[in-house]
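The chain below stands alone and is given in structure tokens; this is the form predicted alone.
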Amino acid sequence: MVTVTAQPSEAPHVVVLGGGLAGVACAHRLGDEGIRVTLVDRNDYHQFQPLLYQVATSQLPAQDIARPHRTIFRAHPTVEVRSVEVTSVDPQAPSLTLVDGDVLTGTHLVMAAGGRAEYFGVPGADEHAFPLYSVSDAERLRLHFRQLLDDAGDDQEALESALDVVVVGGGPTGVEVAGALAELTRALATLGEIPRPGRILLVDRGKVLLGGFSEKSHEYAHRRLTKEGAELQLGTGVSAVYADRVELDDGSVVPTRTVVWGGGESAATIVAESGLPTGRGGRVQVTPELTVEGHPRVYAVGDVANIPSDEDPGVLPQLGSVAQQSGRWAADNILRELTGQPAVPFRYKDKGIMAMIGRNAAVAEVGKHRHQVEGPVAFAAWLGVHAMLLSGAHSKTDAFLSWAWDYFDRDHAAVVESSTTEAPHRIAWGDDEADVPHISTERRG
């Protein structure tokens, strides 16, 4: 237990904005030391983003990747969770103003509000495309696709128009969802529920898939996705999105009623309104110690921050492991301050980069020199890294391990919930039926 040197009148109170990997890791660490924390998030649950594509393609129910904050912090009496919208941030106080008018003022503020889809000004994308950055996004996409199929019924012409999907972005999100959708529609066609597999078209301005990976990984992802039945159109961008079609910048038009957007990420909207210095992606510029210049008691971590790196392009990527480690590091620096010690620059322990490309296919680059592995070995690496990420926010990583090996080893084709075939293995985190997340499919900025 850390011995805090602050005087009673200066009792530490850390306000954490955001209940994702970074915010939860920070609050967990401080709660372990008995520090008073108020964690604020508009959702009452923590979401495990690496499995969003599984929810979007009906392989897992949304509730299985959303763990209520109250269960996460049940053993931390000094951590209070507020499930409410935040309307403004005052870094000087520092404080948060809530939608109900309450103002939360702390001795320290940790900005961990996460990211949102970046549409780069493409007309119609914000209105018609489906981003995949939250459980709500994933559930909205799943319901949309199922509704298209339900509405079509036995009308073959309507089914044909409902089946084709455009996925924008060739990074891990785009690759994973494209592979899962190709697998899903192929399984439905095999079952005779749809006349043919869907045309899953992945579009990206880059020349390769998984741009941050090695050339070998680019080739593997390309080979596996096309084997799954997906089509690739690289070196091409999206110029406009409509309810029934996508226009590409080469002048071509692709009829579709479903556009999945994995084309970029920027910081949560509230960052732009906070007055904090921002840089690439609208993210907060932070010092190596994760504080904000001019605001020594304001920290920014995870996807909301541009965290310095010695590597090109000079900032760390938006990865779950970066978020979790930076959240915990910010907490440690707060504890150092409270005990009269100097803050320490953040040192990231690189877990590698990886992506799933459908069942039985994964690619990973691990180690200092980015050793590339694929197939079962890559899946094992993916599994290990994500099990570690889960350990700070979920009480049962064994449930995750059970689901994952079942998914990889068995011939569980993805099926929509109305299918009469065997349902996919559930993760089922909950010990208490009352501990269920309240997931809204309302679209929010």
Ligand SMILES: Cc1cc2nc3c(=O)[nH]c(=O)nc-3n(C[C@H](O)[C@H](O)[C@H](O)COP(=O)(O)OP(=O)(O)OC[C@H]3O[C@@H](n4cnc5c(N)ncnc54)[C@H](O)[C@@H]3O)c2cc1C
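These numbers come from a predicted model, not from an experiment. Quick note: we count residues from 1 along the sequence shown, nothing fancier.
Unshown form predicted together with the ligand; subsequent notes refer to it.
Peer 1: Which pick from A361, V86, L159, A125 sits with a heavy atom within 4.5 Å of the ligand in the predicted bound form?
Peer 2: By the 4.5 Å criterion, the partner-contacting residue is V86.
Peer 1: Given that the ligand is left out here, which of L201, I270, A343, L276 has a heavy atom within 4.5 Å of it in the predicted bound form?
Peer 2: Flagged contact: I270.
Peer 1: Find out whether any non-hydrogen atom of S217 is located within 4.5 angstroms of the ligand in the predicted bound form, and reply yes or no.
Peer 2: Outside the cut-off, so no.
Peer 1: Do L319 and the ligand share at least one heavy atom pair within 4.5 Å in the predicted bound form?
Peer 2: Yes, L319 sits close enough to the ligand in the predicted bound form that at least one of its heavy atoms falls within 4.5 Å.
Peer 1: Is there any non-hydrogen atom of A66 lying within 4.5 Å of the ligand in the predicted bound form?
Peer 2: Because no heavy atom of A66 falls inside 4.5 Å of the ligand in the predicted bound form, the answer is no.
Peer 1: Could you confirm whether F213 comes within 4.5 Å of the ligand in the predicted bound form, counting heavy atoms only?
Peer 2: Output for F213 is no: heavy atoms all beyond 4.5 Å of the ligand.
Peer 1: Tell me which of 27-35, 373-381, 57-65, 40-48 has residues with heavy atoms within 4.5 angstroms of the ligand in the predicted bound form?
Peer 2: One stretch meets the cut-off, namely 40-48.
Peer 1: Enumerate the residues of 88-122 that have a non-hydrogen atom within 4.5 Å of the ligand in the predicted bound form, in sequence order, or give none.
Peer 2: Residues within 4.5 Å: A112, A113, G114, G115.
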